[in-house]
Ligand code: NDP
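Just one chain is shown here, as structure tokens, and it is the form predicted alone.
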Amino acid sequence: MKSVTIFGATGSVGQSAVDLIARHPDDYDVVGLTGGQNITQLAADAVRLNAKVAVTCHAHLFNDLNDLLAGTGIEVAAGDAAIAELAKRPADWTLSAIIGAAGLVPGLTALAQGKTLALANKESLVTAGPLLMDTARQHGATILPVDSEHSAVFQALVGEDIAAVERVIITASGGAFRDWPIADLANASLAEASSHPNWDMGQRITIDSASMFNKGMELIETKEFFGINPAMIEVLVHRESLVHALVGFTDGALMAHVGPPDMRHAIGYALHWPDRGNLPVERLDLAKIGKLSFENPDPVRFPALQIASDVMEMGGLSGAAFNAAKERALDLFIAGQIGFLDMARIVSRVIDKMSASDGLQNAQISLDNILEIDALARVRADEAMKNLG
């Protein structure tokens, strides 16, 4: 029986993991689940999976969660410290699916236990890639990618020599605005940005898809996880969302990973690794699909890609600044304080300002420095918002 913990259980990725584990309850011992405000879902899943502990990150919701789980024997906790404490509990397999920089500390703590971290939290690699990878090496832990693109690259590299890789291509659906006239993007509404053509995801990830900031994050992730030269990483718009990534080798071969747009595939691969499980995902009918299309992303429509490319070249703590500025700009867009295109303007200005004055490239990559840059970049984002003009 495999012991598992799910951080971010109530989000879209976490719910896919809950579904997989609930189908085979005798195979898993669920150590703990964490969530945010949706404590009703958190409590229901904790009971469903017979979890030992349920934790909400919101301290003020402790009593409510405790009431929901009264009489179940399930331990209840709340707050960031409780989440970090859960990460110290032994588990064979831990899923990091918390959205945002908040997922960094639990992920690092879980790695220090020397087990397997299934990583869906993009921000961990973007903000602290070298620190994360070093922590895994120091403690003999394994990191398995759960982003569909990086899982695809990982699978394409099984049995291959990384030195023979010539390029890595990650795909993007193009999001909600891939066919909009560029002139109309400035007036895109929150509701329009929150609707994805192919994937069923949470609001923040869906908006990041529409702006292509999620793909910018994935560019940086690819560099950090696989140690790939940034010049070797490409993005293609693939409307069908069936080819998740391709790896090109020095002999001219391209290895593609093809599958339905269902996060249970990447999660299930990580859950059963190094074996493959029998997963409840659609089996593709290629004759019915008929064709697969690819196109280069429009740099005017998707400026986030160039910003991310610049960040990859800068290195150091620029990823931490990029992520924090992006998160804050997204907050401002959701709150209706800025327009859709203003998000990229804010992030670009934050990176320009901080690279010139705050020592992003040369600072030591430590947790304290990462958190300091994260906080500073959010302040810089608010300053940039006031000066958009």
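Computed from a predicted model, the values in this text were never measured in an experiment. Numbering starts at 1 and follows the sequence shown.
The same protein also has a form predicted in complex with this ligand, omitted here; what follows describes it.
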Would this ligand in the predicted bound form be within 4.5 angstroms of a non-hydrogen atom of every residue among 13, 38 and 120? yes
Even though the partner isn't displayed, in the predicted bound form is residue 236 close enough to this ligand, meaning a heavy atom within 4.5 Å? no
May I ask you to check whether residue 228 falls inside a 4.5 Å heavy atom distance of this ligand in the predicted bound form? no
Is residue 102 near this ligand? Define near as a heavy atom within 4.5 Å, in the predicted bound form. yes
Report yes if any heavy atom of residue 297 sits within 4.5 Å of a heavy atom of this ligand in the predicted bound form; otherwise report no. no
Taking 4.5 angstroms as the heavy atom distance cut-off, pick the stretch from 121-129, 236-244, 155-163, 288-296 that is near this ligand in the predicted bound form. 121-129
Can you pick out, from 248, 260, 315, 202, the residue that has a heavy atom within 4.5 Å of this ligand in the predicted bound form? 202
From 212, 311, 111, 97: within 4.5 Å of this ligand in the predicted bound form by heavy atoms is 97
Only counting heavy atoms and a 4.5 Å limit, does any residue of 141-169 reach this ligand in the predicted bound form, and if so which ones? 147
